[in-house]
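We begin with a single chain expressed as structure tokens, specifically the form predicted alone.
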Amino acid sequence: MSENFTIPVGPLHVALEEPMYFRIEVHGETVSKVTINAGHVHRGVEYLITKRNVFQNIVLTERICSLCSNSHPQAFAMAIEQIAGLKIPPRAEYLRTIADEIKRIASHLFNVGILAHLVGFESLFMHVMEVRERMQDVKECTFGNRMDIGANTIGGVRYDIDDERISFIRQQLSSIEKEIDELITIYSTDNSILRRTKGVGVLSQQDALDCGVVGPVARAAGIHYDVRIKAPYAAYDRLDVAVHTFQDGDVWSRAMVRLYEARTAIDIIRQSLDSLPAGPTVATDERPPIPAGEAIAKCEAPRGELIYYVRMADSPKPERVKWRVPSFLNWDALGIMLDRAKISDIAIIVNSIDPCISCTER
């Protein structure tokens, strides 16, 4: 006869990269209820931002999250630029797009690589991470760093690329493209992957709408929403951006959305390099004055829609900065995904939303 019992997972647990507490009630081997408690690593970054000027906050916002470290300062800079009435140069718009997509590829490959590890396919895990390492090389060559790339500033970007670096990026993309195409085939056909991910952690389209999920989690449930299309920023309104959706809303669909988006990101980078205009990379060489005002800006981070609200008063320091991260919405859907799931699938389902506790615990 099956028994009812409770499994506490976290806030410190070998299966968790960051502190989060899951109270999982199970009946036999089946999950019957999940309670998630956050707040274990609250860092007070929103408060710290009000104690620094807007230019210092570009550095601070980049350190909110490593995988989304380009999206946070980009959205913050876009909000400040709206308040200041700054129009960034066309070259800077394309360079922001390139930085955005380079980070997206690395982030998505990391997630699908972890999925392979969780299902016990270690050789595939090492292969995916090897492909991602080439993307890390692109970061290091282009930005001088492998995680926090420091690409954005108020009024433009802090980096530029010459013909030699463009040639290197193109060469690396050609190599990575073939590898991603191979990974798409493997994740689409290998029984080790399909058996553990197909029909697991299902989130229907209606449940996805009710929970307000964003990013690959939403698109895997058939929701055709991408900030790069719905509210274009940087140079996305001049580029061909494909939006990939699946209908099943399971772990496999979320992995496939990320793989196809990584493949599309390569196309977007190539388009950006082909259309990269000459000219300055910042709107002004001097630090522009930031008047009183408020603005909202958003971008498509690797995990989904990232929204920033900034209010400035008569001070170089923001009066209020608030952001809504993708993981904040996607966490809520785990209760539905984990309902009636097997204990062995818990880690796989949690990984499939690509959760970021650093973003959530701001």
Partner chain sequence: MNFLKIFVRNLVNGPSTVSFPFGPAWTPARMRGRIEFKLPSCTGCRACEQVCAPGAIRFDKTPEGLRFMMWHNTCVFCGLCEFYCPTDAIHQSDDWHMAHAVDQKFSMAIRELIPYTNCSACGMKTLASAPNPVGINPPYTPEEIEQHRQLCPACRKKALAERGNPS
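If you're wondering where the values come from, they're calculated on a predicted model, not measured in any experiment. Numbering follows the first chain given and starts at 1.
Quick note: we don't show the form predicted in complex with its partner chain, though the next part is all about it.
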Taking Glu25, Ser32 and Ser174 as the candidate spot, are all three within 4.5 angstroms of its partner chain in the predicted complex by heavy atoms? no
Just to be sure I understand the contacts: of Ala292, Leu273, Ile186, Ala242, which is the one whose heavy atoms reach within 4.5 angstroms of its partner chain in the predicted complex? Ile186
Do Phe143 and its partner chain share at least one heavy atom pair within 4.5 Å in the predicted complex? yes
4.5 Å heavy atom contact, Gly150 and its partner chain in the predicted complex: yes
Contact flag, Glu130 vs its partner chain in the predicted complex, heavy atom cut 4.5 Å: yes
Taking its partner chain as it sits in the predicted complex, is Glu81 near enough to touch it, meaning that at least one heavy atom pair lies within 4.5 angstroms? no
